[in-house]
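Just the one chain here, laid out as structure tokens, in the form predicted alone.
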Amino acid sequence: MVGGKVRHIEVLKATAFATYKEWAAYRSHMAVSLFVGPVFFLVQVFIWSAVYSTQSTVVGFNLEQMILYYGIASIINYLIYDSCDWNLQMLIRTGKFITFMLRPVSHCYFALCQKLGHRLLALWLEFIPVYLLFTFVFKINMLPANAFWALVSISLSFILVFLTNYCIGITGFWLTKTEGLRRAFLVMRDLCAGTLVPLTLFPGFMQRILFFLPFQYITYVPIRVFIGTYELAGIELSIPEIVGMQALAVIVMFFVYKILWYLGVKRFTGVGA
């Protein structure tokens, strides 16, 4: 048991470090995203400034709080970004996935280690510069209400994004190409997660549906935890309560992944290898 844990830790360190060095060699590719977050944020500032010119609050948010919402959404996205779905479906489609079936470590764990290394590079290349930009240029108070709960919530979001994307990648066992499904899922996820607009802007019946879906735990919940209050569909929960529900969503998604993996890997034939 102890030896297995040590081996997994060694795999984690080696894979994360190798991925970090690999992407560091092509860091200019990642640096492009330095403009994406701030540009999206500026667009939201212009839109909401126009909206608030005729009213002081919208669904309980004033202009300052709405700008803070999108600022937090931007920096969180740098920490949780994931592309394991694309990587997995490419391995399956080309047949190269067969090499991972012969390895002593599961591809899921390997992909998670890769994501960790990739996001560690993004921490100083993307997150810190944009965080400082929002803090000192846009004058946004980017300090979380409770640093501990914010860190826990973002960490859970990190895992949840990985598991949901990985499940999309697993559909490659059934589909020749998953690009169409992947694009549709990403749009639906960002909309239902509160990345594009706060979920409280949706009609009441939609909010009740979104409350029971896992997507809110990806972006909306970490943002509300960062702010220090949570409310959706008229339901107000304490921060420990909503973070506990977020942890439950991660556990449920893990079992969904295990089921899809069990069913999907039985269909793999190694075509193209």
Partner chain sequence: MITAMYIHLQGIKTALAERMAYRGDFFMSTFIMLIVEFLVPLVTYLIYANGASFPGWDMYEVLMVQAIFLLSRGIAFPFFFGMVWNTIERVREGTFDLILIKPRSVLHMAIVTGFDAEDVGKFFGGAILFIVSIVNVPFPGLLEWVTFLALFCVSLIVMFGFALILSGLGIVWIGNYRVYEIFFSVTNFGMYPASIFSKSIQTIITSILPIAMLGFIPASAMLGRPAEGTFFSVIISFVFLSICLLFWKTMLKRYTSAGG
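All of these numbers come straight from a predicted model, not from anything done at the bench. Numbering follows the first chain given and starts at 1.
The same protein also has a form predicted in complex with its partner chain, omitted here; what follows describes it.
Contact between Phe211 and its partner chain in the model of the complex is not found at the 4.5 Å heavy atom cutoff. For Ala233, no non-hydrogen atom is located within 4.5 Å of its partner chain in the model of the complex, even though that partner is not displayed. Contact annotation for Phe61: none of its heavy atoms lies within 4.5 Å of its partner chain in the model of the complex. Using a 4.5 angstroms limit between non-hydrogen atoms, Trp48 touches its partner chain in the model of the complex. Remark: of stretches 199-207, 155-163, 137-145, 106-114, the one touching its partner chain in the model of the complex is 199-207 (heavy atom within 4.5 Å).
In the model of the complex, its partner chain lies within 4.5 angstroms of at least one heavy atom of each of the following residues of 35-70: Phe35, Val36, Val39, Phe40, Leu42, Val43, Phe46, Ile47, Trp48, Ala50, Val51, Ser53, Thr54, Gln55, Val58, Val59, in sequence order.
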